[in-house]
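Just the one chain here, the form predicted alone, laid out as structure tokens.
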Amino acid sequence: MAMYLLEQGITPLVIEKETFPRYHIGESMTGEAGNLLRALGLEDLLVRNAHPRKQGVNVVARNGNSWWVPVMKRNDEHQLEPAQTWQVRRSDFDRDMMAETIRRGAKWISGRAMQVRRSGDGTVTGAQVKCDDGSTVEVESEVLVDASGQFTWLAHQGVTSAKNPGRYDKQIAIFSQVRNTIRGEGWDGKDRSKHPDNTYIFYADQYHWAWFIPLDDDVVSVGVVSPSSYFSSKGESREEFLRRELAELNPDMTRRLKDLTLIEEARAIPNYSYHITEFTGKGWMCIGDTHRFIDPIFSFGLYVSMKEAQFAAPAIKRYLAGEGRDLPNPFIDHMRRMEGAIDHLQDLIDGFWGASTSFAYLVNNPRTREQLIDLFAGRIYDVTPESHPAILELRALAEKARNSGVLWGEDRRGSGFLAASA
């Protein structure tokens, strides 16, 4: 967010409570996430740090059936061609992004935002910050951007609309890292689906799956997602649960994990799916996970945060120049555009969980394959069902699954949720 504001000629002040480097998940990038970093001039940094070069994602069912989605870009003629993105160890990546933000001219406060400041008409005007040295400062702002991720700071401050549970809120993710895995079987320098740096998704049953994300030449991030009730029924510690699941969940994953020694503690995130429908207003906005998170299965979180920041920066510049100052929500067009794009990710994820076999057919069908490749890459902004008819097919899969009780909850695309809440 700070880098994009700097590109608009705006010098931001970053308030950061974390001490870097620190552990974080969300390591895998979509194809368009890689392109954003290239456009920001950060490719040399990623190459220098030898982050794994993701060519795509392999999805493997328990019975051995699998499908592959490559990382592809659109060239100047709008034709698909092979590309690559990255997977990053977030402790290193986030530390380097912080350092680059400061190098480019952003100001920085190490401390915790404690209380939002508001004027009499409700306009957000800043925040009270407790600094690391124990002092307290009052920070005034023209625009306050909440980029706190799943902490959802402005929601906790009562600024946004209510934080409602998403469809996948009854799940838990438990994760760590391992070494000595089998990667790159059959890699001959040509078949990109066998590249050693690819992501793998292994699934066992409805809402029950695992990730396998290379972080360097040796270490792999692994995690298991399951219904919370399933985890509770086992009566195991997080480490016990994770180690047993990695050994049992999917035969191909078991084969690839030769050593189940965890090199990081087993951590957990429960009930992670949520939706805030009103996430911009006078003097403030939320980006990325700060207002909506669906399901981590296809690794969209990092990309959505970066892409929303890219769109937010020029909207903020226009606001600072006087555009929309008298409107109840000066950023409403931005908000609707971001919400509509994430609706397409909801379509993709609901379609997969609603009917995984039919979803695999859409991925492999020449009629819809390019559209699915675009959606997996993150080309979701300004897309319509008319330009991507596969979206309608995904919605049909999800609707059938909802009617038969396969999918939890109601339609949680933005339009459907707003109608249900009205």
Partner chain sequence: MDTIEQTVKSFILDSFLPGADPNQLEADTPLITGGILDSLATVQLAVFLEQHFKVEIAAHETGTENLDSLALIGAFVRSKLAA
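Positions refer to the first chain, counted from 1. Nothing here was measured: the structure is a model prediction, and the numbers come from that model. Take the two forms, find the largest set of C-alpha atoms that superpose within 1.5 Å, and that set is the rigid core.
This protein has a second form, the form predicted together with the partner chain, left out of what is shown; the following refers to that one.
None of 23-31, 378-386, 359-367, 46-54 except one has non-hydrogen atoms within 4.5 angstroms of the partner chain in the model of the complex; the exception is 359-367.
Contact annotation for K400: at least one heavy atom lies within 4.5 Å of the partner chain in the model of the complex.
The partner chain in the model of the complex comes within 4.5 Å of a heavy atom belonging to E393. For the stretch 264-293, the set of residues having any non-hydrogen atom within 4.5 angstroms of the partner chain in the model of the complex is empty. Once both forms are overlaid on the rigid core, the distance between the two CA positions of R402 between this form and the one not shown is 2 angstroms or more.
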